[in-house]
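One chain follows as structure tokens, the form predicted on its own.
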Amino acid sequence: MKKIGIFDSGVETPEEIILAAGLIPYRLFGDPTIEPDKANEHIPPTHCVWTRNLLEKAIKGLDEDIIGIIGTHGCDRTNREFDIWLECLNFDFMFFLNSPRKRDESALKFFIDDMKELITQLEDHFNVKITTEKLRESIKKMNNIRSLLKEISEFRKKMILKGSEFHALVKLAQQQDKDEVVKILESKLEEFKTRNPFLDTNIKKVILTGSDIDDTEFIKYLEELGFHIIIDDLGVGTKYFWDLIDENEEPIVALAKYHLNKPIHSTKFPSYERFEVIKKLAEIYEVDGIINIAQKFCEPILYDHPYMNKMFKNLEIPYLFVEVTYNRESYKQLSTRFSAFAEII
């Protein structure tokens, strides 16, 4: 089945529209084992390491089943890089979706209008009809996936499911055929109900937040150092499934409201609302600390960090900020900082 690649730093691409067009939404992830040699010919080395990596992968060649790309407004870096994709890559269908920075009534109307334009272009290009009924069916399917992921996520709190295993499941949900995803998640849910909790009582329970973290090996690395990601605030995580779409409202309106009302991304306004989301999660899940990861040159996370640091210090909640390079060898260089944080919480 044909796929539409999603280049999106805030998981705000309405997958339901792609599904209603008879296509598979396929979120693009990087590859931390490669260097952005070709991408560096187009982008300065001070540009976000993650987006440069995605461009490198795209230049080298994506999955042959990917027949189009949708880029969605995230940070300034991802927005401008879409223009480079237009020049460098040979896809018949490429669309930039303007997900609003603000979250008010005018933003809602703007987002609805842009999603309608996406529908028009998908219909014209692929000779399909995206009906209201197809959108409703897609919303129900995605809500089912979100509900399953949220239920499975709670096994992290019960100290039954490792954060790395859950992270891999969310990645699978963002790339595979959704009917297969439902079957896999239902099977995994039954499996986790029979598992016993972890025996290690010295594990440090933390929230993981920050930039896009799509490398499951990084989560495993944190686990090896004694951390358990009991909850997260990530695009490959809770931002993908935490809320549901209203199935009774007009589909396009419901989709727009869902994306504008879900836990705020660091690139949206007012960005300080993100602190309130993380604070609430810290209280609900009784965490030992908070780890905030910035991919190198990730300006929105760098901008938020001083405020986050001050506010969590006032609350006496241990907080660690680390800037990382999108490269697995670089993880090892951070072991001292992570180990020291584990010792003080």
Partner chain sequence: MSKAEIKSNKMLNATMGLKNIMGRHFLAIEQAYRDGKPTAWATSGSPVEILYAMDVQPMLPENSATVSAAQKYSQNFIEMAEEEGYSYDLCSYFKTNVGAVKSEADMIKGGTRKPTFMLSTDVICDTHVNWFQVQAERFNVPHFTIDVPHVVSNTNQRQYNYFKKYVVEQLYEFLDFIQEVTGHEYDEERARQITQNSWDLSMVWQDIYELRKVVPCPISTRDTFGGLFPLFTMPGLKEPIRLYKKMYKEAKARVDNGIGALEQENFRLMFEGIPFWYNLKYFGTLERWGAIIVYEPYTYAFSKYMNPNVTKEMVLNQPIEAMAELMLSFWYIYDFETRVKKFEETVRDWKIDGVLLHNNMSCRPNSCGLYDLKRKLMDEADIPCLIIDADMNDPRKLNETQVTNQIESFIEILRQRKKK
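Residue numbers count along the first chain shown, from 1. On a predicted model such as this, the values are computed, not experimentally measured, just so you know.
This next part talks about the form predicted in complex with its partner chain, which is not shown.
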Heavy atoms within 4.5 Å of its partner chain in the predicted complex: which stretch among 200 to 208, 132 to 140, 248 to 256, 107 to 115?
107 to 115
Can all three of Cys75, Pro100 and Pro300 be found with a heavy atom no more than 4.5 Å from its partner chain in the predicted complex?
yes
Of the residues Lys57, Lys296, Lys279, Arg27, which one places a heavy atom within 4.5 Å of its partner chain in the predicted complex?
Lys296
Pick from Phe95, Phe155, Phe218, Phe275: which has a non-hydrogen atom within 4.5 Å of its partner chain in the predicted complex?
Phe95
At the 4.5 Å heavy atom threshold, is Tyr307 in contact with its partner chain in the predicted complex?
yes
Is there a heavy atom of Ile84 lying 4.5 Å or less from a heavy atom of its partner chain in the predicted complex?
yes
Mark Arg80 yes when one of its heavy atoms lies within 4.5 Å of a heavy atom of its partner chain in the predicted complex, and no otherwise.
yes
Spell out, yes or no, whether the shortest heavy atom distance between Ile291 and its partner chain in the predicted complex is within 4.5 Å.
no
Output the sequence-ordered list of residues from 32 to 47 with at least one heavy atom within 4.5 Å of its partner chain in the predicted complex.
Asn40, Glu41, His42, Ile43, Pro44, Pro45, Thr46, His47
